[in-house]
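Next up: a single chain in structure tokens, the form predicted on its own.
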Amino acid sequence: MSICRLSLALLLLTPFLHAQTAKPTLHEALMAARADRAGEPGVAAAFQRLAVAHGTPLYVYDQAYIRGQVAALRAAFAPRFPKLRILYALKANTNPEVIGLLKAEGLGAEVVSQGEIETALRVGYAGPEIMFTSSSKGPGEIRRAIELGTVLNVDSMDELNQVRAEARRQKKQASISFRINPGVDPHTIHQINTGIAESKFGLHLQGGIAFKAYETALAMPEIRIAGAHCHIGSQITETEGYLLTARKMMGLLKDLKERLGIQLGFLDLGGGLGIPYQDGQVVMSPEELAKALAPVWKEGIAAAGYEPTLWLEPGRFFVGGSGFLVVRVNTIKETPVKTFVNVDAGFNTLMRPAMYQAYHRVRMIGKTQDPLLVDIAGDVCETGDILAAGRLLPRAHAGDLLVILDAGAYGFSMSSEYNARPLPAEVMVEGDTARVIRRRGSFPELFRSAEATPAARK
């Protein structure tokens, strides 16, 4: 080959060679780990960079992923449902920076406690932009919600009477919806299955209980009926449960209009859209759900004679896949039964595997060879503290890094200081930068409720 031709070939190959050797950004490294490329040197360097800068265990969130999920949901529903409002269920991840990001994307707030109300206010939400859903609201929570003009999602007749009494005391009209139990099984994990008849949530359609609640509230001058709400569960991966629930709720919509003259401002069909927790797992997409719901919705509003605003309130869908829990290997323990890889996080850091027997993908950082079947064991002093069982991973050594995927929802928000272990740090990745959005807990903070140590009292 002539020198000219060789020079031309190298010139044409330069972009390709650069792409193969360029260091990935932090965002690209996170996506590479998701794609099972955590063993690549550039990806490993990025995770090492995070661990050195921020320590482990460490929650890492990818900003671009969250924004992409919001865009996907909106693109699926907005063209089919012109009257649409999307809220974020704060319980999935209560970090103010995460909530603020979703607020900036135009989402409202669905909360389940006064603490979440105060968090939403801190981020910049106004009271009327918040829906307060809980099956057990305390007097102080009801008082605060009415003061702020928050929509109270009422769960029982006892609660309705308490809301009425507090609204009368404040000389205000409380804005409410009722949470409806439709008696639908969406076939998800039992602990997060909220729409079945035996669930603790909501007023049952069965026996006309929910209808009677609206009839009672209609006669209360202290109450303004704003809408109706239901939520059949979390991590829903098929459309059938949603469709059955929607048909039942549209039937209630029609009955309330025809028999009581009530026109609801909104109908909230909940959240619960599932995400894939395993490689190759296929779940219901927003497009599939929106396409399936549209004819049911159109038929229902035609029968009712008007169209309320459709409210949706996902949590996990927006933030679950954005989260990566980075942990460090403490020790390797080989027993006659199995091999344990002991890491510096436990069910106090990520509760889902112990609480729900939930599966999370685990990637070994920077290694690809010598696979071994292992259990990833936590540092909590409990037999059940297994973060991942029976995983075939490259052979680990003390000091290696692992990353647990899909930890952005019900990860840090369910964490605790059990075993007197401080809470982990959280960082938000944008491109190639990582910003601390919650600093790591400290040992002195474990004693924040103590007036003095025993030694000091002496």
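No experiment lies behind these values; they were computed from the predicted model shown. Each residue number is its position in the shown sequence, starting from 1.
One more form of this protein, predicted together with a small molecule, exists but is not displayed; see below.
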Quiz item: Just one of N181, S177, T245, T133 has a heavy atom within 4.5 angstroms of the small molecule in the predicted complex, so which one?
Solution: T133
Exercise. Quick one: from A64, M414, M31, A398, grab the residue that has a heavy atom within 4.5 Å of the small molecule in the predicted complex.
Key: M414
Quiz item: Exactly one stretch in 310-318, 367-375, 117-125, 332-340 has heavy atoms within 4.5 Å of the small molecule in the predicted complex; which is it?
Solution: 310-318
Self-check item: Proximity of A89 to the small molecule in the predicted complex, heavy atoms at 4.5 Å
Solution: yes
Quiz item: According to a 4.5 angstroms non-hydrogen atom cut-off, is Y359 in contact with the small molecule in the predicted complex?
Solution: no
Quiz item: Does any heavy atom of T239 come within 4.5 Å of a heavy atom of the small molecule in the predicted complex?
Solution: no
Practice problem: Check whether R352 has any heavy atom within 4.5 Å of a heavy atom of the small molecule in the predicted complex, and answer yes or no. | Solution: yes
